[in-house]
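In structure tokens, the next block holds one chain alone, the form predicted alone.
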């Protein structure tokens, strides 16, 4: 069985972080995000290959994952000649496939039992199975309606308040039969949500929903990216390699290869990666992530901040509720707070305020 990961987007909502770092390799703590999705796919032994459907900076992704040997799953790369949309990308990546295929959107983190979804698909002899998840504010999403037997009956894009009939949205996880892909035009931008799925309903194909009420998040915005780290630290998401937070929510995790000087204040939950230096008097507050080889100088403060590798936070500087890319330099007494997102190699000069 094969899996297709739709990882070709430019990660526009996460810019400037994704200018030099395609979304699949955006770090969650010390691991590229795509590793978390591969961990989930490895729970299904019959999945023997993952096809990465790419378009944006594919070489950067291949440099990290290679042939998949380190991740335990064979990886094949399919690079779209031009952006083809979700449906077009699936058609392009599945030319040689004949058996059921698992499809994942490239920005979804979840703990779903994928084997159970596949079992439902086979039990119902479905042409397509879609995972749905409930949300608190359905009006911000496209809703998916089902009947009493779990058959999908309608897609409703961003409904008005009086049109809301359910709270379930597309979770970006599907089991599909390749025999239906001939209704997706070749080499043409095509939407699986707006064109392919409605065609299944119109033709009365067996199209079923699996409603999942566990942990699910789309990491594609800065707010959600920060939320993912909070959720892992609070053990709301518990996956492979989410230790030590899985067993010790609220822990302050400091790499044995980091150097925290006497007099530094470390408040959990937080994460300090290998090679980082935290100087005397610096304060690493809750829900902060200090990346590899970062340097936090005397009396600097990080509070609910995510700092990627090789950045420097100078003396008396404060970073709160913000994200810094790689090789950033925050000057002395500078203040960066309340949702600031800085791309790689950003420089904030001494005493500046953002």
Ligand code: GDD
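Positions refer to the first chain, counted from 1. None of the values given here were measured: they were computed from a predicted structure.
Quick note: we don't show the form predicted in complex with this ligand, though the next part is all about it.
### Message
So if I measure heavy atom distances to this ligand in the model of the complex, which of the stretches 216 to 224, 203 to 211, 271 to 279, 175 to 183 falls within 4.5 Å?
### Response
Heavy atoms within 4.5 Å of this ligand in the model of the complex occur in 216 to 224.
### Message
Is it the case that residue 343, even though its partner is missing from this view, gets within 4.5 Å of this ligand in the model of the complex, heavy atoms only?
### Response
No, no contact at 4.5 Å.
### Query
Do residue 113 and this ligand share at least one heavy atom pair within 4.5 Å in the model of the complex?
Residue-level check for residue 113: no, no contact with this ligand.
### Query
Looking at the partner-bound form in the model of the complex, is residue 108 within 4.5 Å of this ligand by any heavy atom?
Residue 108: yes, in contact with this ligand in the model of the complex.
### Query
Taking heavy atoms only, is residue 170 within 4.5 angstroms of this ligand in the model of the complex?
The answer is yes: residue 170 has a heavy atom within 4.5 Å of this ligand.
### Query
Of 250, 134, 142, 244, which residue is found within 4.5 angstroms of this ligand in the model of the complex when only non-hydrogen atoms are counted?
Only one option qualifies, and that one is 142.
### Query
Given that this ligand is left out here, which of 152, 89, 284, 102 has a heavy atom within 4.5 Å of it in the model of the complex?
After the contact test, the surviving option is 89.
### in the model of the complex, residues of 310 to 341 near this ligand [heavy atom within 4.5 Å]
Residues within 4.5 Å: none in this stretch.
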